[in-house]
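In structure tokens, the next block holds one chain alone, the form predicted alone.
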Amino acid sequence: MNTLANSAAVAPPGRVQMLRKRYFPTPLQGLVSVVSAGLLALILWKLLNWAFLSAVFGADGSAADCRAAGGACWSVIANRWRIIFFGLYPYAEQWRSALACVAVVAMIVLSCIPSFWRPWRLAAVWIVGTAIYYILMKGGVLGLRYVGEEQWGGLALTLFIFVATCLIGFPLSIVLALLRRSNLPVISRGTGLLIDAVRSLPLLAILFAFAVVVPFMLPGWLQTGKLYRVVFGAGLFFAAYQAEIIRGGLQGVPRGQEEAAMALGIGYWHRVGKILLPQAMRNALPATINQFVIGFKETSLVIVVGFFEILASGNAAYGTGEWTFAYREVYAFIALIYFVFTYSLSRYGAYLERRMAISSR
């Protein structure tokens, strides 16, 4: 009987007792908990009522109906979604822009499948996917009407800038990280100076420089379109930050592994490709995924140099006299698009971390 009594005395507290101890330890803290819960419930109810209960849906809803309802006007999305997704792209050719977006998403999804994690397979996927995107968007071949880069816009342009920035920036970051570790002081210090110079400048300054200043510094035959110059500037900015991330991953690899490989007579490129970089990328994976997320969100900055990406398209979607009041709904919809892409990237990064942790056991 005494044993049963003792076990009952030391039994873990119930859920109610734990909640009471956590949120109502004193009368004052209990009052704060109640007031906070009431405010949170009120905010959630207001948001629910605005976004759903009193909202106007469907393309048949007019601006007058939205003003009368008093809730969210999702009809602006139903009526103006083409501008948000395709921007200035010609109306009759917008199916090409849609297929180009699908091609980019498919390319990214295939790159995330482990069976494609081979250098040549990844290269083939990205080369083919980028070529399909470019042909669809620009045209001029296969009977497709030519559409200049100045007419690209919306989600398709945002995806192009992100993919092109990664294609330029990630390989360049590996080169910069390796050069920074060079045994030759001229190369290592020169690379470090370049990286620090790029990192010391805000991205907006770099975009302006490549959009406006660089054409005055290059001969005519070297000048490209403004879009490609801006993309290269964004790729350089991405590479400078990613190079430091990779260098930190390389420093996390035990020095003895490289020394053992050198003792076995393994060449430099095999040491880097087979021993150092795989472990460095594993060490740098969380920061690398974070850099990709930042890179996707920073595509919105090209609006200041005159490109009609998805944020600028959103501004145009509600910029007419009829829908000027519905800017909240447009920005909420664009924020949802950003959230879907960035959250997918972060979840994929978490999956990679779990996979690599299992394989390293």
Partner chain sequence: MADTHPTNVPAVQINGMNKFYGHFHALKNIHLTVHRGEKVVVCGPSGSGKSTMIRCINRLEEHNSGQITVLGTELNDDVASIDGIRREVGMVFQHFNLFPHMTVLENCVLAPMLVRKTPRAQAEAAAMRYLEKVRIPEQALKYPGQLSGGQQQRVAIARSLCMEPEILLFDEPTSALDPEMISEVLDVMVHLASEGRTMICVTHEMGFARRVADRVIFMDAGEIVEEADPETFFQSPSSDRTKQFLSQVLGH
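Numbering follows the first chain given and starts at 1. Each form is matched to the other, and the largest set of C-alpha atoms that superpose within 1.5 Å is called the rigid core. The structure displayed is predicted, hence computed values, not measured ones.
Missing here is the form predicted together with the partner chain; even so, the following discussion is about that form.
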Candidate stretches 77-85, 262-270, 144-152, 95-103, one within 4.5 Å of the partner chain in the model of the complex by heavy atom: 262-270
Selected contact from Ile275, Val163, Val125, Leu285, since only one has a non-hydrogen atom within 4.5 angstroms of the partner chain in the model of the complex: Ile275
Contact residue in the model of the complex, from Gln257, Thr224, Gln251, Ser111 (heavy atom within 4.5 Å of the partner chain): Gln257
Contact flag, Gln279 vs the partner chain in the model of the complex, heavy atom cut 4.5 Å: yes
Residues within 4.5 Å of the partner chain in the model of the complex, restricted to 300-330 and counted by heavy atom: none
Core-aligned CA displacement of Arg199 at least 2 Å between this form and the one not shown: no
Rigid core superposition, Pro119 Cα moves 2 angstroms or more between this form and the one not shown: yes
